[in-house]
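To begin, one chain is listed below as structure tokens, in the form predicted on its own.
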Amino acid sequence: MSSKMNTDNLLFPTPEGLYCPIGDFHIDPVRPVQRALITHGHSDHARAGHGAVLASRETLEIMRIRMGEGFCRTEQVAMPGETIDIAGVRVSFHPAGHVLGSCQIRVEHAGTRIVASGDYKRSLDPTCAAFEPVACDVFITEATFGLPVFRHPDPLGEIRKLLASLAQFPDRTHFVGAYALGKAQRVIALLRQAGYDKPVYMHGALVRLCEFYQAEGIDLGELRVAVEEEKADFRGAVVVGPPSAFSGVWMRRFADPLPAFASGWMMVRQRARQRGVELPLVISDHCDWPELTATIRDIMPGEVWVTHGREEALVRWCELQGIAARPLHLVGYEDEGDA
């Protein structure tokens, strides 16, 4: 393995985010920089105002949808697995399994290889490419659910809870809170996988991203916009909307709504109660504890750097396995995807 001095010289945390001084670029910077490499389109990782942006084709399109044209001065597509030379630093992008277009970024120079995972998950997801373990000297992992208590159930089993509730309460509108990028599309795709073939209604904030997913060949079935002026009867229907709709007047337009929420945090009963959730659906776009530890075992890096999440517990686990580890204490990553 390369020395710690070499890895620190190749990539290290700064107030802007992870920085590679040799290639003069940042990974998922939280402030505008001259050159940014972006792992995925959630706004705590992808921001407007950078000079040059390198990302997957899907992530660039998602940034354009969310931020508008001109979100950066220049952009470049990173094809999956393609090696790109940046001032002598070799970088490549590999599927992360988080949301559509999400990637890990492999950085290599003088024989030292570091992989920045961004956000990732290992469970199957019909809406994005699956995570691929990438050999490296240093693996930078998130730890959103980095405590042994977090063990997520089968997502299809959670969707079957929603279908059971629809059968039990056929006159209630089932409102599913799900973040606009990734989670909403995954919930809809899981409904289709479970055999639900009725129209799914969606909040207007989801329309452009759902249309983009469909244009990318992801089957979401028949979608309709839940527009008040349609005077539609939403009894017994599934309506998907962003988390912000829970606290607004939008959800109250439906007769006798049954609030559900799709998030890994629904394991925590207090969070469900705080949101007024009747039907918590534990569906996460991040690894749980067994997946985090299994990923480290799969990759077997010489060192693990842990960021945005429960850093200390995963660092301690690595140390007990004889793997060098340390927390990065990066700031500015607020779990915008609602986990």
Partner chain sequence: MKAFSTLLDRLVLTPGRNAKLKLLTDYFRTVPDPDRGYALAAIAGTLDVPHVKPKMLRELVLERMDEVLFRYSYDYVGDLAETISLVWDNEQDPPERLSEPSLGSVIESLNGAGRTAVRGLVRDLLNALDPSGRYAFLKLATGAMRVGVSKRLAVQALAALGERDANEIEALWHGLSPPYRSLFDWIEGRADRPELKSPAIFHPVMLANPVEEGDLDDLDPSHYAAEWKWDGIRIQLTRKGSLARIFSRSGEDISASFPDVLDAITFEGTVDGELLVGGTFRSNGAARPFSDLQQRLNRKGVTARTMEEFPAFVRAYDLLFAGNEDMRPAPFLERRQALQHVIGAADPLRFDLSPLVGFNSWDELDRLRSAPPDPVIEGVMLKKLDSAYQAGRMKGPWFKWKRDPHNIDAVLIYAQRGHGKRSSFYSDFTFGVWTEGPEGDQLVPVGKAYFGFTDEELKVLDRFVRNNTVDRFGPVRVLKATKEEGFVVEVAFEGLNRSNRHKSGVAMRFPRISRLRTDKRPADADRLETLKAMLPRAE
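Positions refer to the first chain, counted from 1. Predicted model, so just to flag it, every value in this text is computed and none were measured.
Keep in mind that the form predicted together with its partner chain is missing from the display, and what follows is about it.
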* **Interface segment, criterion being heavy atoms within 4.5 Å of its partner chain in the predicted complex, picked from 261-269, 186-194, 111-119, 85-93** => 261-269
* Using heavy atoms and a 4.5 Å cut-off, decide whether Pro148, Glu278 and Trp289 all contact its partner chain in the predicted complex. => yes
* Structure fact -> Answer key, its partner chain contact in the predicted complex at 4.5 Å (heavy atoms) among Ile299, Ala52, Ala48, Ala313: the residue is Ala313
* Please pick, from Cys210, Met251, Ala129, Val238, the one residue with any non-hydrogen atom lying within 4.5 angstroms of its partner chain in the predicted complex. => Met251
* Does Arg106 reach its partner chain in the predicted complex if we count a contact as any heavy atom within 4.5 Å? -> no
* Should Arg172 be counted as a contact of its partner chain in the predicted complex, where contact means heavy atoms within 4.5 Å? -> yes
* Asked: Taking heavy atoms and a 4.5 Å cut-off, does Thr74 contact its partner chain in the predicted complex?
  -> no
* **its partner chain contact in the predicted complex: Gln214, any heavy atom under 4.5 Å** => no
